[in-house]
Ligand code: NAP
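Okay, here we've got a single chain as structure tokens, the form predicted on its own, with questions on binding and movement later.
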Amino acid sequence: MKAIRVREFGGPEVMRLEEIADPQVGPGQVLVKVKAVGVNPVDTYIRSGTYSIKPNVPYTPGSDAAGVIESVGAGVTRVKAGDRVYIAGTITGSYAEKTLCNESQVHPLPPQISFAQGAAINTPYATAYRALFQRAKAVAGETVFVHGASGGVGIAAVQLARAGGLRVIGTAGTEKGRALVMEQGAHHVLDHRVPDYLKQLMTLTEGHGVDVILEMLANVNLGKDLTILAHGGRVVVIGNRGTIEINPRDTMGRDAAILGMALFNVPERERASIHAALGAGLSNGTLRPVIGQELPLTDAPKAHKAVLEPGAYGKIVLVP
């Protein structure tokens, strides 16, 4: 089979398409024929060698995909050959024509959800759900501010928050992105490139501020985020690319909290709860992944550059 391989950490150019042997299923494992692959910013951090998780090289990148079960190992009972699934983590990496998974890492893909959309589920939607409901413990009636809402995680957060009865305010840096965020259910959308957008936000909340902020670029925004929280407000740091100086007093007067999160920290029981909720939302039409770009697997280096560029619009997927 063909797969993207990384033989040394570095820039996007270290990813190369190679011919390798098909993985062999063992007990409790499944082999998935990959139809689409989800590209996430974390994939680029791991590839560069700067992330806290460093796989042994050579390795195949990626944890998200969608496809069809090709074969199953002994003891597998939840899925069978021919089933459509989305993948939430793999043993051998998802940037490939086939990938080996534990049975617990594959989940049913409803027939109305395309493979490209299926590849856009795991990291974006699991991250958004974890941030909103397990870390921030958001409840219906609260106001959530999604800072950078036009990308994969942002769109997921808008859909989940709206379905959960929250008032949703999002931002995006382009007119096209803002239209998308509004289409996905936000009550208000602001342009975060306009100098007074946070003043506009405070006006929308009648000066009270917001209860929850989902922050995709904490190294730029965290200090300002703390000044627009309501009493008891929570910021969940989802994305960060550097250091920032903040004033802790901005948390003290509000009894505010800064919460970090990373999917690899999620306990198995809570992970199962996340995917049960996502499965229900996909089945009933509440959750609708938005695809911004589809590229061939050979364009993995191009996808790694694009996923870090400003002006995000939906999800980038690779097609083997």
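Numbers follow the displayed sequence, beginning with 1. Only a predicted model underlies this, so the values are computations on that prediction, with no experimental measurement involved.
Another form exists, predicted in complex with the named molecule; not displayed. Remarks below refer to it.
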Problem - Segment that reaches the named molecule in the model of the complex - one of 256 to 264, 54 to 62, 287 to 295, 269 to 277, heavy atoms within 4.5 Å - result: 256 to 264
Handout entry: Within 4.5 Å of the named molecule in the model of the complex, all of 17, 93 and 300 (non-hydrogen atom)
Key = no
Exercise for the section: Scan 216, 116, 166, 222 and let me know which has any heavy atom within 4.5 Å of the named molecule in the model of the complex. Expected result: 216
Fill in the blank from the handout: Among 78, 193, 188, 162, just one has a heavy atom within 4.5 Å of the named molecule in the model of the complex, namely 193
Practice task
With heavy atoms only and a cut-off of 4.5 Å, decide whether residue 11 touches the named molecule in the model of the complex.
Solution key: no
Practice task
Spell out, yes or no, whether the shortest heavy atom distance between residue 239 and the named molecule in the model of the complex is within 4.5 Å.
Solution key: yes
Problem - residue 151: touches the named molecule in the model of the complex, heavy atom cutoff 4.5 angstroms - result: yes
Problem - is_contact(residue 314, the named molecule) in the model of the complex, heavy atom dist at most 4.5 Å - result: yes
